[in-house]
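The chain below stands alone and is given in structure tokens; this is the form predicted alone.
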Amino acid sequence: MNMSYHRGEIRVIGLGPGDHRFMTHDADLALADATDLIGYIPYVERIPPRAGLIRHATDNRVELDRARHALDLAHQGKVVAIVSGGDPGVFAMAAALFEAIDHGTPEDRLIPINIHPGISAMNAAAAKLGAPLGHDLPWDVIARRLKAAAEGDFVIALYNPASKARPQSIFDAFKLLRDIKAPSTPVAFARAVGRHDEKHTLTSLAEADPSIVDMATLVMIGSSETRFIDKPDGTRWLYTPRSYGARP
């Protein structure tokens, strides 16, 4: 491969559930200097035309084609914005892009990728309705629900998983999960996301160390489909394919 060519980048951007008020400042910044815009027709139409921005609107159910098109453009040196409604990681274009990379060429893994989260319909609807998602639970209820989620093969996210008042629960949670899920199940500890001391730890269920978890850590446990993509610089991406049963 000729390493001297100008490599572009890909930004996968969540537009929120509708009105521009629900778009984040981060999403606006990511769109500001993009050269190419890719997405489902209604989402592309939400972005005002401007000089220097080429629009590539496509119909529904061609997510992998969009992702491959974005990779091709990035190899040509373009700054590509792939847009999704809501959050791009919730059954949307982020997973499609990583699936294309996973099954693509080694050169695809060299392209800088940034995911810009968006407000999901769940968050927007909850805010309009009141506070239907607010809940604190005793450990016996948490354990019952955690067991059901693990047996249902969901990707699981644990918020505020450990504190001085609840130091043991995270260890009990991992013991429960290890009795149900495969030892190789991917696990991520994402601490202080968006802050100066942000840190990510990617590991497996068997090797995960719950003692590093605190109130600022979000714990994510993959499904049987979740997998890592190794990058040339030694870091990794974590993703779950859009279609269940796609793992070889």
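Everything numeric in this text was worked out from a predicted model, so none of it was measured. Numbers for residues come from their place in the sequence shown, where the first is 1.
Omitted here: the form predicted together with another copy of the chain. The next part is about that form.
Participant: The chain here is shown without another copy of the chain. Which stretch in 22-30, 203-211, 65-73, 50-58 comes within 4.5 angstroms of it in the predicted complex, by heavy atom distance?
Facilitator: Stretch 22-30 is the one.
Participant: Would D153 show up as a contact with another copy of the chain in the predicted complex if we use heavy atoms at 4.5 Å?
Facilitator: Taking the distances in the predicted complex, the answer for D153 is yes, it comes within 4.5 Å of another copy of the chain.
Participant: Evaluate D87 for contact with another copy of the chain in the predicted complex, applying a 4.5 angstroms cut-off between non-hydrogen atoms, and reply yes or no.
Facilitator: Taking the distances in the predicted complex, the answer for D87 is yes, it comes within 4.5 Å of another copy of the chain.
Participant: Any of the heavy atoms of P117 lying within 4.5 Å of another copy of the chain in the predicted complex?
Facilitator: P117 belongs to the contact set for another copy of the chain.
Participant: Consider T185 of the chain shown here, and say whether it contacts another copy of the chain in the predicted complex, taking contact as heavy atoms within 4.5 Å.
Facilitator: Result no; T185 lies far from another copy of the chain in the predicted complex.
Participant: Going through 123-142 from first to last, which residues have a non-hydrogen atom within 4.5 Å of another copy of the chain in the predicted complex?
Facilitator: The stretch 123-142, when checked against another copy of the chain in the predicted complex, contributes N123, A124, A125, A126, A127, K128, L129, G130, A131, P132, L133, G134, H135, D136, L137, P138, V141 at the 4.5 Å heavy-atom cut-off.
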